[in-house]
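The chain below stands alone, shown as structure tokens; this is the form predicted on its own.
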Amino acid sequence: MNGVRVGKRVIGADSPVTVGWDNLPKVEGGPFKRMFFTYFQPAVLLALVLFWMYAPDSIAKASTAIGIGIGFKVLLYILEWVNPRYKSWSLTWKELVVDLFYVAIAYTLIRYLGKNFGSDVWAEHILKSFDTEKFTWFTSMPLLVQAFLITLFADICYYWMHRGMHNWYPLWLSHSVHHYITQLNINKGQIGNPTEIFLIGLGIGGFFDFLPRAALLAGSLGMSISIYQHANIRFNTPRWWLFLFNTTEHHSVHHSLDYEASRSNYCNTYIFLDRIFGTCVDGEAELLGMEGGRRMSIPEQMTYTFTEGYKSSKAFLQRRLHPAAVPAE
């Protein structure tokens, strides 16, 4: 397998990866179906932006955002069934049970840890010493600009955290579990070792609690763009959307069995950050995972970070303490 050269790297040498926008499969069917799956993503983004900009204060609150998020996920489950990207990614009962287990972990254990030890706690203490009047230059900006800047700053932080997880072994031990998934569907973003789910959840959201409407709009921007990353839905994604935003296409490349492809597309929302930093690969992949597509059981997913960390630490100490015992290569 020769692969395709993208910049200084060869993509697809280990496993097939479709490279380039022109080579992506298209939605098949009648005019309405093609139009629906072409404009669905932009239409949802526009609708949510308009809602949070103009909704009355009585309903513009966090509980409404949670309700919208749950309802939207249900809709995406239906779309995965109606128009799957790959039938090999179709959701089985076993996959669904595993996904829901991790959703429960995210909404219980991880939420508890985040609430008591996460970035929101630091933000609360830091904001107590802040004079919010000094941020009038920011609060005087248009609401949509405030929300965009919040999401942009958050995505820059996410990009470097995620890239660090692929380049620093202690963080990779935590993140690697997520890369053993062999298909994408709407809840696959929740699957991983709890340490990684906690780390990747560290962010800056709590620092903007003094701007409730802008924070809600920023969360809506993030949801209506990045939620599709793990979705098994075939879209005719517009080129301008592919250029600006991270998509299922990009994220499938990131989860590819191909090693070089998996070291690309690190952002959560704005793929133009990967373009700026030279880590973007446009395309998509069907074969996902690691070690030839080996699946992990839930017990292994829960313990892998710690067992591999122990093995690596033990081997490191043996090399340091008994260098002569290690055969020369």
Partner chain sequence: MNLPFIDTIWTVRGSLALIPPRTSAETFAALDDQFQADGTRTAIDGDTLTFRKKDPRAQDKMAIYRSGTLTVEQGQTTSRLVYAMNSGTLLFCFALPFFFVAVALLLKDAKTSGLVFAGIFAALYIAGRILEPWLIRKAFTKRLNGEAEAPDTAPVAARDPGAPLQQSAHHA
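Positions refer to the first chain, counted from 1. In this text the structure is predicted, and so the values were computed from the model without any measurement.
The same protein also exists as the form predicted together with the partner chain; that form is not shown, yet it is the one meant from here on.
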Contact test in the predicted bound form: E286 vs the partner chain, heavy atoms, 4.5 Å: no
The partner chain contact in the predicted bound form: Y107, any heavy atom under 4.5 Å: yes
Distance check, T182 to the partner chain in the predicted bound form, heavy atom within 4.5 Å: yes
Interface membership of F101, the partner chain in the predicted bound form, 4.5 Å heavy atom rule: yes
One residue of L96, V145, V82, V74 in contact with the partner chain, assessed in the predicted bound form (non-hydrogen atom, 4.5 angstroms): L96
Of I298, I59, I66, L50, the one that lies within 4.5 Å of the partner chain in the predicted bound form (heavy atoms): I298
Complete contact of N23, F153 and G164 with the partner chain in the predicted bound form (any heavy atom, 4.5 Å): no
Among 221 to 229, 83 to 91, 191 to 199, 153 to 161, the region lying within 4.5 Å of the partner chain in the predicted bound form by heavy atom distance: 83 to 91
